[in-house]
Ligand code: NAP
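As structure tokens, one chain now follows by itself in the form predicted on its own.
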Amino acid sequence: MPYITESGKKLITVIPGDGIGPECIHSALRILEAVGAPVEWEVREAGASVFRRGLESGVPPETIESIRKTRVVLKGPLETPVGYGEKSANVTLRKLFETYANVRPVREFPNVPTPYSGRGIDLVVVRENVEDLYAGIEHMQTPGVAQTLKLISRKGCEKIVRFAFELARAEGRKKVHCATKSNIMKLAEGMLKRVFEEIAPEYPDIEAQHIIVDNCAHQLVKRPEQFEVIVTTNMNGDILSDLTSALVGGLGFAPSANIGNEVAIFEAVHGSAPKYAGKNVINPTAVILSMVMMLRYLDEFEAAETIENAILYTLEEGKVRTGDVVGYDRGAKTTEYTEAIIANLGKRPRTAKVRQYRPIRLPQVPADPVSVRPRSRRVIGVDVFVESELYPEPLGRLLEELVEGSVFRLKMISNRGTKVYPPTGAITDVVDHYRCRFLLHGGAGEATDEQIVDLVQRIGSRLRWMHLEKLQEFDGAPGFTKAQGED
């Protein structure tokens, strides 16, 4: 629920941001005032200025406290300056408040010419927003090999899939595509596909289709009008949503929302564009449309529709267009464009239509950290990652010698995901980072921690190891994948 002030208005937190952010936010707030929506705001800081004060997160405590109170944020783009801070302040805000759904709508705009004009593009990319590679868990495993952990949870998949279907219902859409790379990452990306297919029957009024993400990108360029809602993982969604914004005129027309069950953050997709800062030439439409999304989230549907109609009317009229559309040498100033929208409040475009919206029902997924409880499980082996200058065959012979007499046998060695020992006859380049797979002799029973420690000590007596992964079975099914070329 939004925070209600003593005057009966809904309070939001406003973060002007960096670069062009303050200009865009100023434009949006002028329009918000002009439309008369019952909304007040308090201004807080995040981003570059905070990094420079030495706060590595880029988000000061007073900003966090404001968001905890208001639960709704309108923000400009934030910069992560080179040499300051370690994490993106944008990502920090999304993760601190579990805004698990990133919503990026794109639609065709009148008098914004693109190669797709007249095709009727109107779709939404729903991107999981807190997991995947954006967990930011990385390690240098050898001096020349880096690892990033791709974390996908059953709970995270269920929340984003249910959100996508509920958004489709709220916006009167009839089709949801799930885009994954599950043909390669069968466990991680495959989890989103499996959850999507499990939940889809609960929404019989909506057509559900799975699509491989590279084909999705191909189809977005070839025939984008076939899509209505695309739900996908974090990295895929980041890439696809930037692609979709290019179909309708660029990032200046690309709004977004980061929505959780407690907090929602509304911002443009674009960055801080410092080379345009302070020049009064930037297109503020993306931030204004992000504010429109915010108003709908606050159940202020009439104000949202009035502003969106005014934007469409202004563009349809064609008298005032910004430099990203017509060229910066003859484009309207940011302030002129804002004034035109304000003057057109209450007017409706002749051809462009505003979709009818209903309140979205946020998915309620149990808070229990454990979302999957198998009936049975056992550890059947271990992958030991080692750093070695040896080539595969001498390394394999050494490992077999080291584990002789233990409960484990060496099944195979892979290098960058491809089996290199026992030899396959393939011609494969190698680096000094090997995954060595050990299984219990005979395949029965369960490996104990003591046995795994003994294995690691044996290996560590001659080789440098840096990482372990237990090989587990859940309900009789392997919880790990095979290397390329592994039997």
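One-based numbering along the sequence shown. Since this is a predicted model, take the numbers as computed values, not measurements.
The following text describes the form predicted in complex with the ligand, which does not appear among the structures shown.
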Problem - Stretch in contact in the predicted bound form with the ligand, which is absent here, among 263 to 271, 178 to 186, 304 to 312, 216 to 224 (heavy atoms within 4.5 Å) - result: 263 to 271
Fill in the blank from the handout: Contact with the ligand in the predicted bound form, heavy atom within 4.5 Å, among V379, L251, L167, V320 goes to L251
Practice task
With the ligand left out of view, choose which of S290, N236, N283, T244 has a non-hydrogen atom within 4.5 angstroms of it in the predicted bound form.
Solution key: N283
Exercise for the section: Using a 4.5 Å heavy atom cut-off, state whether D132 contacts the ligand in the predicted bound form. Expected result: no
Practice task
Please run the contact check for R94 against the ligand in the predicted bound form: heavy atoms, 4.5 angstroms, yes or no?
Solution key: yes
Practice task
Verify the contact flag for T99: yes if a non-hydrogen atom of it lies within 4.5 Å of a non-hydrogen atom of the ligand in the predicted bound form, no if not.
Solution key: no
Problem - the ligand contact at F109 in the predicted bound form, heavy atom, 4.5 Å - result: no
Handout entry: Residues of stretch 311 to 339 in contact with the ligand in the predicted bound form (4.5 Å, non-hydrogen atom)
Key = D324, Y328
